[in-house]
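What follows are C-alpha cells for two forms of the same protein chain, given separately as structure 1 and structure 2.
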Structure 1
Amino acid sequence: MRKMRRKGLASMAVQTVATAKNVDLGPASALSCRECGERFELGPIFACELCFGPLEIAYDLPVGDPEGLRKRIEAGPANIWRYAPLLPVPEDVAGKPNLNPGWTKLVQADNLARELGVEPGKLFVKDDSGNPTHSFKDRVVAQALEAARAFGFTTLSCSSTGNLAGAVGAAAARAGFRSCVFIPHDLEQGKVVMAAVYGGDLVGIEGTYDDVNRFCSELIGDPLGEGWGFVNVNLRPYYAEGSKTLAYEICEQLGWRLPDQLVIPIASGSQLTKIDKGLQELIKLGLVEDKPYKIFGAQAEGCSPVSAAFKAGHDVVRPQKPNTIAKSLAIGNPADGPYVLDIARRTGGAVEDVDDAQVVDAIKLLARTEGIFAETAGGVTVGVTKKLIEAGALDPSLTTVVLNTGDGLKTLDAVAPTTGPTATIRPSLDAFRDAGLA
C-alpha cells in the first residue's frame, strides 16, 4: 500500500487541475496528514509529501452556536446535504445534480432485540440499503463527486468488485460526468449488469482485484488518466468523509443523542474511523451531550485481520488472503486497520468476527425479525452483535446501533442454497391441508 501511495502522490502533484485558491468546498480548509499533522492545500492528493501518511480533511467548523446549527440542519433536505456545513462540499450542494443519498431509516429493532436479549427500545438498525443504489457507497461517492467537480475532473472512476461500481456509475450519470469503472473480468453477470447499466465505460481487467488496483494506480500516474477522479484513490480524503454522515444521522435520529454502542463493519476500516470522527465533531459542536460510547468493529472470519490483531493485542494488522462470502468486506490488508484498533481500544469496544455460516444465519435472523434483507456485510454486523452479547462484551441494556451497509438483493447467492419454499403442492385444499401449514 505504501509503495502505491508514494507513486500516486508523486504523479498527482503534476496532475492537480485546481488548487485551494479557486476551490470552494465549504468548511473544508486544508488537507492534514493523519500521521505528522502537516497541512496541504485542498487538491486531489491523498498521501503526505513528508511522511506518506494518509491525508484527511481539516475544517473550519461552525462552532459556538449549536442551537442555530441544529435548526439549520433540521430545516435542510432529507438527505446528507442537511449536514453540508460539516462536509467538504459547497454551501449550495443540495441544488447540484447528484443522487442525494442518506437520511436512511434508523429502525427500532424490537423483534431482533427480543431474540438477542436486548432491552426493548434499545436496539436500532441503521439501514443503508435505502440509499439510491442500495449501499452506503452512495454517501462516499457523493462527496467524491463534489470534489471532482471542484477540481475540474470530467471522468469519475474507481476499481470495484460490486457496490462501488454501481454507485459511481449512477452518480456520474446523474451529474453528467463520464465514468470509467474497472472490474475483474470474471465477475458474476449480475454484478456486471449493475455496473454497466448506467451507461459509463466498464472495463474488465484480466486479473484479480489486486491487479485491477495496481492498474488503476498506474493509470493515475500516467497522462492517460489526466482529468480522472478516482473516487477511492486521488479523491479518497473527500470520499471517506461521506461516512461521517452515518454518525450525524444516527445521532439526529436518536433525538440528538449519542448511542452507547455501535457495531460497524470493517472493510478498509475507513467507515469506522470516520463515524468516530463524526461523533467527535458532534460533541465539539455541542450538538450532542458528551458521554462515553463504545465502537465495535465487525469482520468475517475469512477476512479478519483487524479482529485477529485486536485479539492478539497487536497495534499492527497482518494482511490476510480473503476467503469469505462477505465480499464487500474482503480487504485483506485494510489501510485503516491500525486506526480501527486505536478506536476500539480507546472507546472500550472490541473487534470480533463471525464465520460464513453465522453470516447467513444473521442475514436470515434480521430478515425474519425486522423485514430487512441485508447483504452479507449486514449479516456480519448482526452476527457479531449476537456474538458480542453472548460473550458479555456488548451490554444489552444500553442503546446500540448496528449498521446494515447494503442490500440482500446484491448478494442473493449467500442465502439462496438454504432459502426456498416451505412446501410445494398441487393447487387443492386437500394438498394444502396435508402440508400442515393452515
Structure 2
Amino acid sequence: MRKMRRKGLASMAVQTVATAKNVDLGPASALSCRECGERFELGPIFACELCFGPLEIAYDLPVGDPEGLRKRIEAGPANIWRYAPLLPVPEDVAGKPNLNPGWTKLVQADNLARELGVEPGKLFVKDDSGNPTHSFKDRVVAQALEAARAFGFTTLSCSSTGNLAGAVGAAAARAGFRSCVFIPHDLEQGKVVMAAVYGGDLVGIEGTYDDVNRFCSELIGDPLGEGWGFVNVNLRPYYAEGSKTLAYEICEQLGWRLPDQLVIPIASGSQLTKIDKGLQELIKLGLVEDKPYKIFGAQAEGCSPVSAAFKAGHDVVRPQKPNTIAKSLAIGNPADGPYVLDIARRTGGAVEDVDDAQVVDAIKLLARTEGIFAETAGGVTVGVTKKLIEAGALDPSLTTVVLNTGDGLKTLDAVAPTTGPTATIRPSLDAFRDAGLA
C-alpha cells in the first residue's frame, strides 16, 4: 500500500509544481499534514509525503474585523459562496458556472421535539435535502470543482455510495467537464438513475464502497487517470472544506450563535471533522462567542466501526463489512474515523448507532412530525438523537441541531414495504364511510 501511495504522490507532484505558483484559491495558503504538520504547496495531492497523514487546507483568514466580515457575509449570495472569504475558492467564484448549493433550511422542529421530550424552541433540523441534487454532497463537490478548474483537470470523478455520484455528474454537466464516477454495483435504484441521468459515465464495481475506493486510488497512480480530478481522493483536501459551510450556515441561522449540541451522520467521518473545524474558525474570527459545544456522531449498526471503537474506548477504528439499509453511510473503513473519536471525546459528545428498524422508524417519525422526508442517513441521525435522549447523554434543555443530509426519494426501498395507502375503496361516499375514514 505504501509503495502505491508513494508512486501516486510522485506522479502528481510534477503537476503540482507546474500549477501551484499561479493558482488562485482565495485565502488558501498551503496544504498542511494533520499528523506531522508538514506544509506543501497547493496542488492535487492528498497525503503527506513524509508520514502519509491526510492533508488539509491552511488559510490566511481575514482576522481583526469580525463585524465587517459578518456584514460582508450577510450581503453575499444565498448559497455557500457568501462564505468565499473563508473557503479555498477565487473571489469571483459566484460568477462561474456551478450549482450554487447551500443556504438550506434550518427547521425549528417543535413537533419532533415534543415527541422526543425536548424543550420547545431547542431542537432544529438542518435539512440539506434542499440542495440541487438533494444531498449535502453538492457542497463538497462545488469546492472540488473550483480546485479542478485551478489545476487544469478536464474530467471529474469519484468513488461514491450514491449521493456523491449524482452531485459530481450534475456539477460536471453544468461546468462543461466530462464525468466518470464509480459506485458499488448494488446501490439503491433511485441513486443509480440520478447519477446516470446527467450524461456522464457511471461505472458499477462488483464489491463494497471500500473496494470502489481502492480501485480509484489505483487509477490515480496510473496514466489512465491523467487529467482526472477525483473529488474525494486527489482533490479531497479542497472537497472536504465544503462541509464547513454547514457549520457556518447553522451558526448564522441561529443568529451567529454556536449550537450546544450537534448530531452528525458518519460515513468517512469527514463531514463531522470539518463541521468542527468550521465552528473553531468562527470562534477564531470572532464571528461567534466562544462557548462549549458537544458533537455526537451517528452510525447504522450494520456499519458502525467508529461507534464500536468509541464504546470500547479504542483510538483505532477496526474496519467492518457493511450490512445496512443506510448505504450512503456504509463505509467500513472510514478515513477520518480516528479524528471523529478525538472530536467526540474532546467536546464531551459520543458516537452511537441504531439498527435498520430504528432507522425506518426515525424516517417516519421525522416525516410525520415535521414534513421532512429524510433518506436513510437522516433516519440514522434522528434515530440516534432519540436514543441519546433516552439514555440521558443528550440534554433536552439545550439547543440541538440534527443533520438530515439527503432526500428520502432516493431511498424509497427502505420505507416502501411498510408504507402505502391507508385504504383502497370504490369511488363512493358509502365506501369511504365504511372504511372508517369519515
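Take the two forms, superpose them, and find the largest set of C-alpha atoms that agree within 1.5 Å; that set is the rigid core. All figures in this text were calculated on a predicted structure; none of them were measured in a lab. Residue indices: 1-based, along structure 1.
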For the form predicted in complex with a further copy of the same chain, pick structure 1
Post core alignment: residue 105 C-alpha displaced by 2 Å or more between structure 1 and structure 2: no
With a threshold of 2 Å on the C-alpha, tell me if residue 203 counts as moved between structure 1 and structure 2 once the core is superposed. yes
* **Large Cα move at residue 364 between structure 1 and structure 2, threshold 2 Å, rigid core** => no
Expressed in angstrom, the C-alpha movement of residue 191 between structure 1 and structure 2 on a rigid core superposition is 2.9
